[in-house]
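In the form predicted alone, a lone chain appears below as structure tokens.
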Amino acid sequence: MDWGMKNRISRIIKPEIGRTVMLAVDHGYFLGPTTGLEEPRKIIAELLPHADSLMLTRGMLRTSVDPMNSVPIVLRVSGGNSIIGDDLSNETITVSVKDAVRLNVSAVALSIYVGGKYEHQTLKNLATLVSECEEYGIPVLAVTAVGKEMTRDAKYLSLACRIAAELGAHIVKTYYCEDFEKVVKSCPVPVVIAGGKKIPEKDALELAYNAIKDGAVGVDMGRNIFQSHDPVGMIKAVRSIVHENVSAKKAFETLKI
């Protein structure tokens, strides 16, 4: 791994503690104006000071983020379908690596659908993206997307994460599950957990705490932050768990809900 690659990863996963709080606001690429993201510029401005990195699409980056911002960007580069389409897993690469370089991003992200109808296509997307990004020293984050038909257990998630790493992903984003430590141990690259759909704040904080305890280097949360009754308080609470090892109970007590 060259200097540029290591430097970009260190912007996302803070080397002094080996942890990260990623804020995901890329949902609009398939969900449209998601609840809480109707006015992305406003909510991003409120939450950005408390995030270690921001995950979003190039359209939202160009229109809704101040270019003077210094928070590293993880750019969503896969898509091609919507919530009303025939199959969300039917994704392709939607952004060129040259455009990612032009946008000065710290990493790019795309989804893979292991076991899904378009498994081969999305895994090929990952392999192609890794090869192209290696030329520019840009890390690739693979998201192990899970269809409704897939069971989110350690066996399946270990398979998906390991395949992502084997194809060259530098970071893997996946879901938390029982025996999650097995998923982390079998994946040779850093693992962050997805927040998933909105759940009660207390449960989301316990999810973050358990994931860190079981070996994740951080979280990449979206809806459980920007759809919270106290979005700023929620990202601060998540940050205290990830960066300061605060308990979920103590973090929850800080919220204004």
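Owing to the predicted nature of the structure, the values given are computational and were not obtained by experimental measurement. Counting begins at 1, following the sequence as shown.
Quick note: we don't show the form predicted together with a small molecule, though the next part is all about it.
Comparing 67-75, 123-131, 169-177, 92-100 against the small molecule in the predicted bound form, the single stretch with non-hydrogen atoms within 4.5 angstroms of it is 169-177.
Remark: residue 30 counts among the residues lining the small molecule in the predicted bound form, judged by a heavy atom distance of 4.5 Å or less.
Looking at residue 12, you'd find every heavy atom of it more than 4.5 angstroms from the small molecule in the predicted bound form. A residue is said to contact a partner when one of its heavy atoms sits within 4.5 Å of a partner heavy atom; residue 143 meets this definition for the small molecule in the predicted bound form. Proximity of residue 231 to the small molecule in the predicted bound form falls outside the 4.5 Å heavy atom cutoff. Checked against the small molecule in the predicted bound form, the residues 205, 192, 221, 54 give one hit for a heavy atom within 4.5 Å, which is 221.
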